[in-house]
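Form predicted alone, single chain, as structure tokens, below.
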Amino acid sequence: MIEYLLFATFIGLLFHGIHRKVIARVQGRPGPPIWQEILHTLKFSFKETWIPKTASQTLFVGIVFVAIAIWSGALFILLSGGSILLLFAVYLLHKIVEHGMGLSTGSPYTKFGAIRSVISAASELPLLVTVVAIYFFTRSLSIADITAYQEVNGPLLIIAFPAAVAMYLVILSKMHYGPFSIIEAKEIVSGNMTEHFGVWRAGLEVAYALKTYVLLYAFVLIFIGSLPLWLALLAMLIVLVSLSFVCAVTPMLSPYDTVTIQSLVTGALIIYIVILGVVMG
């Protein structure tokens, strides 16, 4: 498990570098090398580390370990074929991490990021649609059962395409430099991550790398099925590049536009669920 955690962290950081590179290329810039995020994490690990005087020291430090722990747990849920409800519970816990990270420092910039993390809670609503739609088809919320269903009936990406769109939107809302990345907007410096530096920032980079790996791998498992590792990584890379393209061509939205769009998409998908329920009895 430790070896796989290290592997997932490495791939997640590499994906972050690819994400930045694709955005830059689409926008006509050279961009950083794809291994830049790996170098950043190593650099932060050896830089001077401090805790602001205005910070709640326990929360400031503890939130880093909580972030790593919940996404490590999410990875274990994926590998063990556990329930997607547990997986999505971890996703909801991450929202608490974002909020706590911003409130722990005492900085006005991070507090703005924390407030925006609450405003952007609408991004969690499509998860409910995804869960219900998957259950309608598979009659199970176990990842092992879902992948087994797809071996017989084909990918849910085709069968339940609107549910796949819902989860795609969820992943997009967690991508750096995306239209929904309002908690890290440049007008509030680095948002809720502004004050975390040194080894604390390196820890957060590890947690976010695991988050990216888990969300992409979960999408592949739930909507395409169980694949050999190399093929799963290729599918994850394709999903990542598509997300990067969306981030490159879409400006960052205001907090209220973010909530409006995500709520409208959720409403449309709820209608889909109602129709699906009627059709399937």
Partner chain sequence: MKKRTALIVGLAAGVIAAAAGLLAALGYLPVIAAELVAVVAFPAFVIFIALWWNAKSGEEDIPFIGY
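Everything numeric in this text was worked out from a predicted model, so none of it was measured. Numbering follows the first chain given and starts at 1.
Here the subject shifts to the form predicted together with its partner chain, a form of this protein not shown in this document.
- By the criterion of a heavy atom within 4.5 Å, residue 80 is counted among the residues contacting its partner chain in the predicted complex.
- For the chain shown alone, residue 6 is a contact residue for its partner chain in the predicted complex, at least one non-hydrogen atom being within 4.5 angstroms.
- Residue contact with its partner chain in the predicted complex: residue 203 places a heavy atom within 4.5 Å of it.
- Residue contact with its partner chain in the predicted complex: residue 72 places a heavy atom within 4.5 Å of it.
- Annotated contact segment (heavy atom within 4.5 Å of its partner chain in the predicted complex): 194-202, selected among 175-183, 149-157, 162-170, 194-202.
- None of 64, 252, 38, 233 but one reaches within 4.5 angstroms of its partner chain in the predicted complex through a heavy atom, and that residue is 64.
- Comment: its partner chain is not present in this chain, but in the predicted complex one of 68, 239, 34, 246 has a heavy atom within 4.5 Å of it, namely 68.
- Residues from 29-60 that approach its partner chain in the predicted complex with a non-hydrogen atom closer than or equal to 4.5 Å are 42, 45, 46, 47, 48, 49, in the order they occur in the chain.
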